[in-house]
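Only one chain is given next, in structure tokens, and it is the form predicted alone.
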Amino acid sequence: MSAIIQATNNTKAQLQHHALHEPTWVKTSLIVIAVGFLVLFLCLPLGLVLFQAFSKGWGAYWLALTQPDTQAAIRLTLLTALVTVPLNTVFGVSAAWAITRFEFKGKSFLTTLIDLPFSVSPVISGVIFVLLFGAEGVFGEWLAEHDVKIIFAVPGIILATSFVTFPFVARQLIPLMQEMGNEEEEAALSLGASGWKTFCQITLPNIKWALLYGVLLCNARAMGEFGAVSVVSGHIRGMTNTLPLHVEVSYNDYDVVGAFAGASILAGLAIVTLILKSVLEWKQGDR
């Protein structure tokens, strides 16, 4: 019996050895393919954006960024992120806490709903908001009577962005909090700690890196969202154009420098996001 077990272990060891020691040409081919894809789909587009942005010199680039429409688009993008990210952070923490710490009817349904924006096209979500709050929508008449503008205004942009970004924080926290369990929290409560104190001193330190990771992803998507915002914004220059929409409008107007200058800002935000994402992944892995 021991001989059979030994033979089985030897076979597994040989398979692992062969799997980890592929021929040189296989490793080289895989590395070349991976690097080729990175160069083709990441480095070249990024390089093209920077090349076109500075094609007429630093002065033209700076002029494009300081134009009133560009400044308005940047401000609106930042405003949307500043409103959307805190809202989705509160929702994500609350939803993760409810799903992982309580048993209630509809729990599975709530978990499924959180994933809904991942399965629905952003354009479709924008159309849904138009059907609800547009002039001919379900609530359109009531909103018009009370002089409340949602579609083709800032509130509609924030609503659409919130919808497409609300799963990110919750989806980072739910698996972690399920894996953590609630033993430490129950011990703190049994010793007389309040619910808020338990959350601040026990739960939050354990989930802080995953929470920051979710917030980072939510912020990146909020600043770069195009489809849903495009439907509800109305493309009003200087008023409802976020930075991605401003890039499209500038490019359609043959303002190449202006379009790629705006795109360079988004590319810079993406690079910063990737760096912070790597740091947070390292922190999570280290923990």
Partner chain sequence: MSQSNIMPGFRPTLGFTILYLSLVVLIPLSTLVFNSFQLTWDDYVAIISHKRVLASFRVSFTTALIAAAVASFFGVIVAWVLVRYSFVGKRFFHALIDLPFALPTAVAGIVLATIFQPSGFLGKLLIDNFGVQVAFKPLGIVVALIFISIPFVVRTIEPVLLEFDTSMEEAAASMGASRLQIFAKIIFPNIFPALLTGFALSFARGVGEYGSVIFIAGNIPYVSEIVPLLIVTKLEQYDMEGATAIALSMLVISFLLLFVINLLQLWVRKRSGQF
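Only a predicted model underlies this, so the values are computations on that prediction, with no experimental measurement involved. Numbering follows the first chain given and starts at 1.
Below, we refer to the form predicted in complex with the partner chain, which is not included among the displayed structures.
In the model of the complex, the partner chain lies within 4.5 Å of some heavy atom of residue 252. In the model of the complex, the partner chain sits within 4.5 Å of a heavy atom of residue 230. By the criterion of a heavy atom within 4.5 Å, residue 163 is counted among the residues contacting the partner chain in the model of the complex.
Interface membership of residue 103, defined by any non-hydrogen atom within 4.5 Å of the partner chain in the model of the complex, is confirmed. The candidate site formed by 79, 206 and 280 is entirely out of contact with the partner chain in the model of the complex, as no residue has a non-hydrogen atom within 4.5 angstroms of it.
Put simply, of 143, 114, 180, 212 only one has a heavy atom within 4.5 Å of the partner chain in the model of the complex, and it is 114. Contacts of stretch 119-147 with the partner chain in the model of the complex, defined by any heavy atom lying within 4.5 Å, are made by 119, 120, 121, 122, 123, 124, 127, 128, 129, 130, 131, 132, 136, 138, listed in sequence order.
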